[in-house]
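Okay, so here's just one chain, in structure tokens, the form predicted alone.
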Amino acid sequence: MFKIESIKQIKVTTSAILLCILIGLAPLSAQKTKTSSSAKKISPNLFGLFFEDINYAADGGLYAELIQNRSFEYTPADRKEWHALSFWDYLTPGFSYGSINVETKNPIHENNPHYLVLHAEHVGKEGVGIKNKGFGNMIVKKGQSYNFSMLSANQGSDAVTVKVMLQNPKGHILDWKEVTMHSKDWKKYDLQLRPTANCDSTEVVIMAVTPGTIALDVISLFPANTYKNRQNGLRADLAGLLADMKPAFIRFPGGCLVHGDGIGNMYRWKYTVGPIEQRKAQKNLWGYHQTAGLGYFEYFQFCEDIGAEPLPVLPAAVSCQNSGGTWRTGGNGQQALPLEEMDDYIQEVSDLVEWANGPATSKWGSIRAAAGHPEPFNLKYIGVGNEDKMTPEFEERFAMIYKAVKTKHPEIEIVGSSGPFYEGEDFEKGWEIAKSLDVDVIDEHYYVNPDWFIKNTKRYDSYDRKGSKVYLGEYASWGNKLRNAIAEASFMTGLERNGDIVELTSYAPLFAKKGNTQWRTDMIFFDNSTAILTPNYHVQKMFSANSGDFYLSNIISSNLKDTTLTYSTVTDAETGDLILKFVNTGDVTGNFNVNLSTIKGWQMEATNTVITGDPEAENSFEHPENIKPTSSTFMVKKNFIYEAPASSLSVIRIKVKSKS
């Protein structure tokens, strides 16, 4: 923290000038003016989001694809009972007959080896074909447009006519189109369907209505109204909830997903860009399948769409230490990429920078441009590693990656890892590695009980300001009750107070699908039609949508002995607003003293947003709004006492008049 004694102490930037206005200084004159106000610059990227494909967060979730196993790439490696035809049914109505087979002889691309061969020998009145019911229950709405596509190659001598239908479980057709397939080469066919009725258990049916043999792959159905109407896009309601939070950044695609279940399962970004039929699907570490349809291009595009910095995380050339289920025995299943492969892997990391930031004429920049984005994405951060066991193998490979990337791209901030816990051997070793290499940012993770958060609001007060910055990449208290969220809010006031050393923070995990949840403490629960916002979501949004650029230390005070009361004050450089946050984790009303005498030009009428209630209450599919914030007008005075309800977070946003 610095104490402003004179305008000479402040570099004349837009934010600094605005701060001067707030605390009553004339920015370009009055150099002898003094004030008792204390302020410090804090990270403008403090509050963001972390997305991991866990709990069916991507396929069947945020990724808007409605067909499951669209490329026939499901295998027992994903889940022991799955196979290439999982979630597909073979149809031979009436007296029709034929056959289906999954083949690999002449695939569209080596990354997408399996495809279906449909042989219609006798089509009868309705044809021979297949159907798919999607991820549990496929929902379509009357009059809305749905974009169907598939790749096909005719393997017979005669053209084959195919009827594509949306139907309900009783066989009533909601809409249909026909297409005739002549091409012997793989060709994409696009159709648009508009159902004539709502249906929450839709089936996609593809019937050959003339005899012949065709190969089919990448059979896809998307709602036309994805988020911002993007092709291969995101589910509009879920993406909109994230946009509403106004996150400063998004970390993706994981988590433990990134370093994978063995080195053969590491998440490789190169396999997730380009046409979807050329992407490489693989087993998801959390026990299902990832198509890579939601890949790096879609992640970066979404970040740009909502004004968030992209923060991709790459493996540190080692797998998860819990590979092979070793978490059950507490063993170390970490596998390391052979050293002779490290040059190629380091080049892969460097290529990501070229793909994101290089000109459209560069090798990897041209792939980005071909996807529809010739302009650079302006990547600033790359994470290397996640919750890794700090073995000699990890240390050696992380150092190789870090030194090479920083040498070639010094403009990129590298985020390192400090293991899965807030203390212990891996944590200490992670910080030791960071200090030895002068790593830009170090990633801390911890999932703990709510009392820990309340007792550790000063955790970062004593961190070395001359060392690596902190990214609190994954944190949550164990639970989604109001008391969990308020404990997290109390801790977050300490994150704002230490926003000079804590550069980035994100709650985790983000999404959990009903009936498909591997990890119970999550921010948003959803099914195929509905999203349930937890109290934790509301608290995170109240902070991220009310973040600031400067922290002011002398505006709010309370009984310092009362650890149930915490607070913070920040200023928003863009709007000029003064933002007061009050947290009461106790079971009685708590009083805060507010002194605005050092702030000039504030408006009396402010907005007060409060979340409070029974600390044991939570939201559910049956009762989705048990706990939610309410906003009201609040009249501000120069000095006032704010009475914070028990178990509450309050955010008072005060407009400040700019000086001419």
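Start at 1 with the first residue shown and count on from there. Quick caveat: nothing in here was measured; it's all calculated off a predicted structure.
Keep in mind that the form predicted in complex with a small molecule is not shown, yet the notes after this line are about it.
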Checklist entry - Which single stretch, out of 382-390, 584-592, 451-459, 170-178, brings residue heavy atoms within 4.5 Å of the small molecule in the predicted complex? => result 382-390
Next on the checklist: Can you tell me whether E52 touches the small molecule? I mean in the predicted complex, with a 4.5 angstroms heavy atom cut-off.
Outcome noted: yes
Next on the checklist: When the contact criterion is heavy atoms within 4.5 Å, does V570 count as touching the small molecule in the predicted complex?
Outcome noted: no
Checklist entry - At the 4.5 Å heavy atom threshold, is V160 in contact with the small molecule in the predicted complex? => result no
Next on the checklist: If we define contact as a non-hydrogen atom of the residue within 4.5 angstroms of the partner, is H445 a contact of the small molecule in the predicted complex?
Outcome noted: yes
Checklist entry - If you check G416, P509, G295, G212 against the small molecule in the predicted complex, which one has a heavy atom within 4.5 Å? => result P509
Checklist entry - Ok, F394, W286, Y146, F302: which has a heavy atom sitting within 4.5 Å of the small molecule in the predicted complex? => result W286
Next on the checklist: Please tell me whether the candidate spot formed by C256, E474 and W519 is one where all three residues come within 4.5 Å of the small molecule in the predicted complex (heavy atoms).
Outcome noted: yes
